[in-house]
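Okay, so here's just one chain, in structure tokens, the form predicted alone.
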Amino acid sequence: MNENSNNSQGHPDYKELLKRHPKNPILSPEDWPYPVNSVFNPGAIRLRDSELILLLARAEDRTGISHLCSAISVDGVSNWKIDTSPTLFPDRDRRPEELWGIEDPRISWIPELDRYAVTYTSFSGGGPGVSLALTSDFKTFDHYGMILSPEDKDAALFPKLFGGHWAIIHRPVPASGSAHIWISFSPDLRHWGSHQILLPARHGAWWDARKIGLSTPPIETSEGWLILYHGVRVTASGSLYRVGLALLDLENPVQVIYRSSEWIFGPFSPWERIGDVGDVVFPTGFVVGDDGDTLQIYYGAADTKICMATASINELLSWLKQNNYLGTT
């Protein structure tokens, strides 16, 4: 079997919505200008001033602690210019919530603020929570600290206000262990309330039962906010991470219009199945092409390397309408 095959489902009748790039993995630990154990789960953005594509990757060193490091490319696939030292390093003295590292960033361009918002997981002594930093150049950052307390992660901001309030999607983990996708609102990006479940995890044998979380930041389309989310199925050999879709109302994002019954993307290639954490594809960033339809979706593969897949927004929406199921059982 061709390792670069795009048919992860293994059957010609399944439509392949996310197409793996033939040069995957596009970034590996060996590409880094300083020693790291793994690079994965990058935030992604097309820079406003140059149209270059920037990835803010999670890099884990041999202590086991993660930091964030930027990589810039013209085409988002090759000839990466990687920062020669960490772009954002955990500061345990000034930001004690970063005691055990910072992880899994998502990036949103916020026109209202004329800055980029980076939401990421801060791993504190009390567990992982959601932190926020704003930047205009990915060199200096205005830190808001931990805005959502442990245990919480997989967060991204919407790039616009709703009724004068900011909205964030995130994934708290209650004592019950079932992890749903939530949405919360804030007047100032610091104080968050009006919390409610946005997408509940399904039950039983579903691919997204018990534990789900946001993948990339919300994607604005003419029909609503397109959401990629991961579902975790616990098997006899461990957890299996796959990706599904949902669509939220454009003006009222608490309203879920569609949710996919099936997963659309799962681990298949060797580098997705074998690594520090096997059987994981974990999208965390995207950029939209000049045609307004083509997505370049960046994802971590087996918590070890960075890969990219392309997709059509129109095809994703069309497929989602035909494969919609809002139930949880």
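Throughout, we count residues from 1 along the sequence that is shown. Small disclaimer: the values here were computed from a predicted structure and weren't measured.
We do not show the form predicted together with a small molecule, though everything after this point is about it.
Not one of Glu16, Arg242 and Leu316 is positioned with any heavy atom within 4.5 Å of the small molecule in the predicted complex. For the small molecule in the predicted complex, the listed stretch (26-34, 290-298, 44-52, 276-284) containing residues with heavy atoms inside 4.5 Å is 276-284.
When you look in the predicted complex, the only residue of Glu97, Asp104, Asp83, Asp152 with a non-hydrogen atom within 4.5 Å of the small molecule is Asp104. Put simply, Asp303 is close to the small molecule in the predicted complex: some heavy atom of it is within 4.5 Å.
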